[in-house]
Ligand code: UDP
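Below you will find one chain, with nothing else, as structure tokens; this is the form predicted on its own, and questions on how it binds or moves follow later.
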Amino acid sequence: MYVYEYMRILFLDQSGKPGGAELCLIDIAKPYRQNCLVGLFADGSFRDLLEKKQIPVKILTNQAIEVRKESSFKQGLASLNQLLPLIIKVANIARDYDLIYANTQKALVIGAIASFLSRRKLVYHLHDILSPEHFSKTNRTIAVALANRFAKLIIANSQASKNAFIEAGGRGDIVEVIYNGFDSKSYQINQVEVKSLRQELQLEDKFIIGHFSRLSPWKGQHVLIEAIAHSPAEVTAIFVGDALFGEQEYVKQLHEQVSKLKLENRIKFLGFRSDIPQLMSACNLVAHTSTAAEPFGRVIVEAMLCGKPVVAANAGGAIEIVEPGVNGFLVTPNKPQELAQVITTCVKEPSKTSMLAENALCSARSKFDVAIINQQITQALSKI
């Protein structure tokens, strides 16, 4: 059995920008930073975050990998020539490490073949629900085939992710569910700071609903906008995040929806922000409105750690986090009227809502503490 400080790990991630999987990787890599390397397939602000945490990082390629979630088999084959130099590079680097830890699907493709060439063990961290809503059949088939053949361990970020992997043909015997970890101290925000932020937003006397995710149709910002139109007049919403991956047309549709419903004075688009805990703490309610099942729901736990009530879409990983009527609310995905009813309840029954928020804080601290999660990962890695 390895002691984690001495286990040498080559982490792989496809992104240059920090999403949920990347933020999770920072917490996982931190205990190993004396003996690890994070290899990225793109440069960007994620590298800066890793360097700030003193985690060794190297950009392995500056050439964009053209395979997308919706790519066909033909497109996948066409990218093979592009991937070969990167695979060989990763295999050569991996020989100085005990195992390869693939943190994303593209990292799995590179890491699986590199693990075979370097004769190093492969761990795949599954942050996705491998379903038709999110991935093409070709992508699902490739991910499952490579994971089944080469991975010694698959860490799924929720039971929902594990179930979808098995339903797609994945081996259940090598999958272990380990939730994302969080440092609760990072979400303890001074109330003076919260008051100042509400003043800055010019929303001191409003009931603020926060929505935190990239602007994308399946994240369901349009559902919340529709619900605001059927909510009490003091209810306003802030949308934190912006479009990625060519989804600017959706942003245009959201602004048109706001205009059509005459909600210009009740909706604010704040774009990308780094002060997420502060903004969450300034909210009265945090909404999660994904129209398709979410693998985990990082935003839900973050809001809970800020001591805020959460209303989440009743699907995927969210139902493993939120217990309705105990530590939050669950609503049917893509049902704005149902969401509006919950919002109205929160406005009219503040004592009940506060009780749910207190329960949420306690459950999030006990279930998702980063020290506990890292210990679970260490134990899982020591068994392979």
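Numbering starts at 1 and runs along the sequence shown. Keep in mind that this is a model prediction, so the values were computed, not measured.
The discussion below concerns the form predicted together with ligand UDP, not included here.
Item checked: Stretch in contact in the model of the complex with ligand UDP, which is absent here, among 235 to 243, 115 to 123, 165 to 173, 95 to 103 (heavy atoms within 4.5 Å) -> This holds for exactly one stretch, 235 to 243.
Check: Though ligand UDP is not shown, can you say which of I189, A292, I276, L254 has a heavy atom within 4.5 Å of it in the model of the complex?
Finding: Flagged contact: I276.
Next item on the list: Identify, from the list R298, R140, R266, K308, the residue with a heavy atom within 4.5 Å of ligand UDP in the model of the complex.
Entry: After the contact test, the surviving option is R298.
Notebook entry, point to check: Would L23 show up as a contact with ligand UDP in the model of the complex if we use heavy atoms at 4.5 Å?
Noted result: L23: contacts ligand UDP in the model of the complex.
Item checked: Any non-hydrogen atom of K206 within 4.5 angstroms of ligand UDP in the model of the complex -> K206 lies outside the contact set for ligand UDP.
Margin query: I'd like to know whether G16 contacts ligand UDP in the model of the complex, with contact meaning heavy atoms within 4.5 angstroms.
Written below: Looking in the model of the complex, residue contacts with ligand UDP do not include G16, since no heavy atom lies within 4.5 Å.
Check: Is S213 close enough to touch ligand UDP in the model of the complex, meaning at least one heavy atom pair within 4.5 Å?
Finding: Within the cut-off, so yes.
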